[in-house]
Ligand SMILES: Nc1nc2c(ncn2[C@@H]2O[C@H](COP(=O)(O)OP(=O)(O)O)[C@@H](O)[C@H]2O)c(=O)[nH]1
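Quick heads-up: it's one chain on its own, the form predicted on its own, in structure tokens.
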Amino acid sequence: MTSQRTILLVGESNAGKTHFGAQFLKRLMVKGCALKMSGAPTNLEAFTTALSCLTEGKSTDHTPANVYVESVWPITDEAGRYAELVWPDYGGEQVRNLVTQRRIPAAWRERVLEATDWVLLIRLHSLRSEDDLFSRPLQSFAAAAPQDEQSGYEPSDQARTVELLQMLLYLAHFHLDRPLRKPRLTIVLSCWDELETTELPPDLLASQLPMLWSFVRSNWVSPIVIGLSALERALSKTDPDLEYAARGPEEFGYVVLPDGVKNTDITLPIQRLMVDGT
């Protein structure tokens, strides 16, 4: 048995954390993946509620903004490697507020300090793609300066994500004088099915969010980028998908690995961390 790994999952509102967690849990329950539970998990209410919706062929509601509950899942892989997957269930607005308010709640502070691995969920389809000060020459903003001063400056989603990583690194006391080996960083591009692309996940991230990818490549030794479609198709909150309900949610969902290989085991982003961490 190797040393315990603690994995922190971070994602803004609408990034798909709850659906990913529910589908992940379902895979563990039916033993249809590379991982298995090695003990009793705690605080599963949010994920079992979401799973009940998926079983009926419907999507679930987002986690309320003021909620923060940690669900602890002891897991092992086929080689006996052990990890404690601490799956925080929180309103995605909390992540945005970390940057805008520049204050980190105690629950977040403790979890960041303990984490050996970071998994950042990004939903490219929902990000704003407009230019900001980081992606356009400064001169291009000169003429619009008076209007910008009146409306207030708001960084792009890309810039805010970079700042989030910088805040987490500062909080965890990591220095950027050399590329980091720990905490390892995995970027999961969620809702992959809605992107309708054949690009490799790292290439897509580089083309869509070049500043973020540049920051990540400069500061981590071997960052990983994986595509994820936890549901495989869009579901309604009110109108059930009869095929989904008949086949069961465990029959849907897939990941796209960095080399483009598609796999139906959506637990692989976590299992790869356990393998690479030994």
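When you see a residue number, it is the position in the sequence shown, counting from 1. Computed from a predicted model, the values in this text were never measured in an experiment.
Note that the form predicted in complex with the ligand isn't included here; everything after this is about it.
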| property | result |
| --- | --- |
| Touches the ligand in the model of the complex: D193 (any heavy atom, 4.5 Å) | yes |
| 4.5 Å heavy atom contact, I270 and the ligand in the model of the complex | no |
| 4.5 Å heavy atom contact, R160 and the ligand in the model of the complex | no |
| Any non-hydrogen atom of A40 within 4.5 angstroms of the ligand in the model of the complex | no |
| Option touching the ligand, based on a heavy atom within 4.5 Å in the model of the complex, out of L235, V225, C53, L35 | L235 |
| Residue (of R111, R184, R81, R123) lying close to the ligand in the model of the complex, criterion heavy atoms within 4.5 Å | R123 |
| Contact set, 10-26 vs the ligand in the model of the complex - heavy atom within 4.5 angstroms | E12, S13, N14, A15, G16, K17, T18, H19 |
